[in-house]
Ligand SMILES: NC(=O)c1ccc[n+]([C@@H]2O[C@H](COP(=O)([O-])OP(=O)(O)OC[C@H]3O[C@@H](n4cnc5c(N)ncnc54)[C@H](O)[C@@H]3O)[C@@H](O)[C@H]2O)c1
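What follows is one chain in structure tokens, specifically the form predicted alone.
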């Protein structure tokens, strides 16, 4: 059984990390830290374990084998590296970090201190995504030519632990990036996973279109991101991330091949649909994608604990996510300069 420490007791900890660890028979919640101490106290009272006064105190506890890092984006790298140095395995929430140098420092620290680093890219664990990857590998739609992947909802101000226009997600200092880092990194990592391919170039438009603070001024980070991704294998497609889908959440991906099309989570009646070149249709109702209003078990924490129990590299390691993060930072550069940017060459 692995002792778990929680660093950051905000919404993602409360609805996913903590309850999923609590439900895993091979995990034991040992302790919690949050800058708002009352949040940590509430979690300790509900799930057991103790509250630590500082991150350093938590990391010094020898009964803690691993930690979930669920703090604001700008703190991911420093907290993760401190945990790895303290001998703890780390599951860090996305985005991995706020610049590529910090991402690389995290991976280097994992290797230096001999501890595992996993990034919480939960889209890989959705069953229809895994099935789509398998079908593409088997040649179900021939050679992939293009794709369209989207993740959009009405914004984090309805979901955050600090709801409303003052949410930390809108704070440039804490979040650094907006929807691109919140939702876009999910679909950037996902398209590489489904296609078993790597993004090599990006052209992007990243902007703040609608979201405002309480005084009516635009938020400090982006609320929409539209990217064109070029893949090493030749496919070209789009990735759209938005906080301004004021209606039904969209978390769909469509893959177009020379022999057909795979549609994933774009039809409420079925999670995956394969449309053949000859017009035949195969539907698979495997599961339902998580939404902010329907939080189901992600599978991330179970995979992390399983890897620790077996002593093997967890899925979605920090090293694996570097290529997706390079694409994200390439998208920021592309949008800022108005040019196509090559990455992962």
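Numbering follows the first chain given and starts at 1. Note that the structure is a prediction, hence the values are computed from the model and not measured.
The same protein has a further form, the form predicted in complex with the named molecule, not shown here; the description that follows concerns it.
Heavy atoms of residue 33 reach within 4.5 Å of the named molecule in the predicted complex, making it an interface residue. For residue 321, no non-hydrogen atom is located within 4.5 Å of the named molecule in the predicted complex, even though that partner is not displayed. Put simply, residue 265 is far from the named molecule in the predicted complex: not one heavy atom of it is within 4.5 Å.
A residue is said to contact a partner when one of its heavy atoms sits within 4.5 Å of a partner heavy atom; residue 122 meets this definition for the named molecule in the predicted complex. Note on the partner interface in the predicted complex: the residue among 161, 107, 226, 130 having a heavy atom within 4.5 angstroms of the named molecule is 161. This chain is displayed alone, yet in the predicted complex one of 275, 82, 72, 231 has a heavy atom within 4.5 Å of the named molecule; that residue is 72. Heavy atoms within 4.5 Å of the named molecule in the predicted complex map, among the stretches 22 to 30, 35 to 43, 308 to 316, 58 to 66, onto 35 to 43 alone.
Residues of 165 to 204 placing a heavy atom within 4.5 Å of the named molecule in the predicted complex, in sequence order: 168, 169, 182, 186.
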